[in-house]
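Below are two forms of the same protein chain, given as structure tokens: structure 1, then structure 2.
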Structure 1
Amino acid sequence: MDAKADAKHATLTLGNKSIDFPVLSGTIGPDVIDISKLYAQTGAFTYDPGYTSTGSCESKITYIDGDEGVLLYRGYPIEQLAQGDFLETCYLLLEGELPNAAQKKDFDERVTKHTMVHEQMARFFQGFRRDAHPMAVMVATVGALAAFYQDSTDIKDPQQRMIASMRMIAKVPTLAAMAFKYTVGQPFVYPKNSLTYAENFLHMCFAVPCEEYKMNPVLARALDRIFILHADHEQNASTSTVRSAGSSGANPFACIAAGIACLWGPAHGGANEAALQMLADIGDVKNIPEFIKNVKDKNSTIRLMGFGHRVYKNYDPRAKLMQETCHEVLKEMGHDNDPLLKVAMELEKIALSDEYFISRKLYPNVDFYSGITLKAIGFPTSMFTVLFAVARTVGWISQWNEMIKEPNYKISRPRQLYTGAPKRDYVKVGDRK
């Protein structure tokens, strides 16, 4: 453990007994009270629904300061990393440092050479209904990778762990594109080694055999930036799910499939789709005052989507970058007069100046603009969370690797506050009243 024990300590008084617990300090961020021996010393547990005040692990990967609106990958601000490309960020998250030119070239080549999936995977898709949600397909196919790549499922072997990591970074986009093609009834498109990561994904999604696909560099750059912004986000629900699954010794493909299943929830990965639907429901700038009125009404069911965040109590640092990307894409596609964007801009302006939203720290988050951007690129709303999964795979696998490397990691086992029936005796069915 690298977190240092501070000279400070916390004292818990339970009945007539007082127990001291060490206070740990990380590199940056709030101190942490180490209560790992609480049960052994007191016979009591803490109660923290949603783990909002609980540090479940020690990590060197991502740091968030929600009050200041800061997001760091391995110490680097997200707005600086967005100047590079996604595979550079992947290397950073996996290896801990930015690559030099030779390392970057080697890493890019290794990912590129793993983008193909086993040909029998194509047959696997035929078992799904044509109208199956792409996320349902992703959960199944990513989990099935363990059946096709059994030579990289031994979590005790560092070489196999790295091979599995590279395979998932490379193959999840291919599976995502296949899921998209399958649901729209088009043939699968093989990856091309001559394309960049983002270009390859666009090509696999939108190319058709009957005509040449012309790559738009603005769209490729926008998608690359979207991937960077979503690559990791500390111990969120899906990342915690991956770590929890991994703590049991499950193979990495199963762990990432578990993360995808968790991400599917509308409160997590589906938030950008909800924000887009909200803007569509508003429809026109003239309807915003009535919408705002309903949002403020306690008795109304209208909710403001794409604003506020569980962690950020300031402007989401990803939102500004996403806003710039959104404008670039809409201008390139000739949608700079898009009514949805006009609604979004006016809604943002009001929310940032209205005391009701300011006092509640309801600032725009990354989901507010990402839905509009993805729609303009050509993705249906059913694919929004799939793209999130493509980006977050590297974060999940980095977090999983970090946990597995810990010499004494423990299986995840939260406790509970039991409020059910006390002990009672079984009565045979004929004797029950």
Structure 2
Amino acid sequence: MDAKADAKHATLTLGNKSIDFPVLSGTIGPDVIDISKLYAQTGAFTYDPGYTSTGSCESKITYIDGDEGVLLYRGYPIEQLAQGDFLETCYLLLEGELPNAAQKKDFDERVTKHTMVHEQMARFFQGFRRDAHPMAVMVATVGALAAFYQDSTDIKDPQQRMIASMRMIAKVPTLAAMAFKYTVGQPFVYPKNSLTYAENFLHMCFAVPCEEYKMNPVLARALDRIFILHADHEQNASTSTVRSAGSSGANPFACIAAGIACLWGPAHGGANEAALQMLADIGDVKNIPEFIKNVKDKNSTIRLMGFGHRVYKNYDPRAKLMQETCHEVLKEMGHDNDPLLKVAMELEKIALSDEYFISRKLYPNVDFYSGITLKAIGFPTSMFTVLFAVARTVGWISQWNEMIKEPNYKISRPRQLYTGAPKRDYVKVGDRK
């Protein structure tokens, strides 16, 4: 552990007993109270559903200041990293420092060499219905990598861990593009190693054998930026899932599949799909007041998708960059007058001046504009969360590596507040009333 024990202590009084707990300080961010000995000392657990006040691990990868709207990867602000390329961000997240030119070249080549998947994976796809959601296909096929690459699953061996990590960063986009091609009934397109990471992904998704694919650099740059913005986000639900799965010593490919499953939910990665659907349902600027009224109604379950965040109580810094990217892509594609963009901009304006949203500190998050952008690039809504998974893979694998490297990491095993039946005796079925 590198966190420093503070001079401060936290004192808990339980009944007539007072116990001191150490307070630990990180480099930046709130202090934490180390309650790991709480149960041993008091026989009580803490209760924090949804972990709103719980730090689950020590990490050096990503820092978020939700009140200020700050996101740092390894100390670098996201706005600055967005000037570079995605593989540079991958190297940074995985290795801890930005690469020099030679390291960057070597890393790019190593990722590139792993982009193909075992040819038998193609047959695996044929077991799915054509209308399967591509996230369902991703959960299965990424998990299945464990069955194909058994030479990189000894998690105690740092070299095997690195090979598994490179394979994941390189092959998840290939599987994502295959999932897309499968649903549209087109032949799979092999990776092309002369292209950049984002270009290769666009090529695998949109090229067809009967004609030359013309790369659009504006779209490739936008996609690369979208990948950077989604690459990591500290201990969010899917990352915590990956760490939790990994804490039992599980296979790394299976851990990433678990992360993908968690990401799928509409409160997490599925929000961009839900946000676009919401904009389409609103349809026209004139319907916004009625929609906002429904969102604010205490008895309704409708939420303004793409708004609000567990950690950001200010404008999500990724949302600002995503808004810029959205305008660039729409302009390039001649969709400047897209009615959904008009609805989104007006909705944002109204929500940001409405007391309901202001008092709850609800601001646009990264997903508010990402759906419109991805749609303009040419992706169907069902692929949005898949793209998020492609980008987040490096974050998951970096966090998993960080945990496994730690000599004394523990299996993730929260406790509970039990409110079920107390102990009672079994009654045979014939004797029950």
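For residue numbers, the reference is structure 1: its sequence is counted from 1. If you're wondering where the values come from, they're calculated on a predicted model, not measured in any experiment. Basically, rigid core = biggest C-alpha set you can superpose within 1.5 Å across the two forms.
The form predicted on its own: is that structure 1, or is it structure 2?
Structure 1, not 2.
Does the distance between the two CA positions of residue 193 reach 2 Å or more between structures 1 and 2, the core being superposed?
No; that C-alpha moves by less than 2 Å between structures 1 and 2.
Superpose the two forms on their rigid core, then report whether the C-alpha of residue 299 is displaced by 2 angstroms or more between structures 1 and 2.
Shift of 2 Å or more: yes.
After fitting the rigid core, is the C-alpha of residue 324 off by 2 Å or more between structures 1 and 2?
After core superposition, the C-alpha of residue 324 moves less than 2 Å between structures 1 and 2.
So with the rigid core superposed, the C-alpha of residue 290 shifts by how many Å between structures 1 and 2?
With the cores aligned, its C-alpha sits 2.8 Å away.
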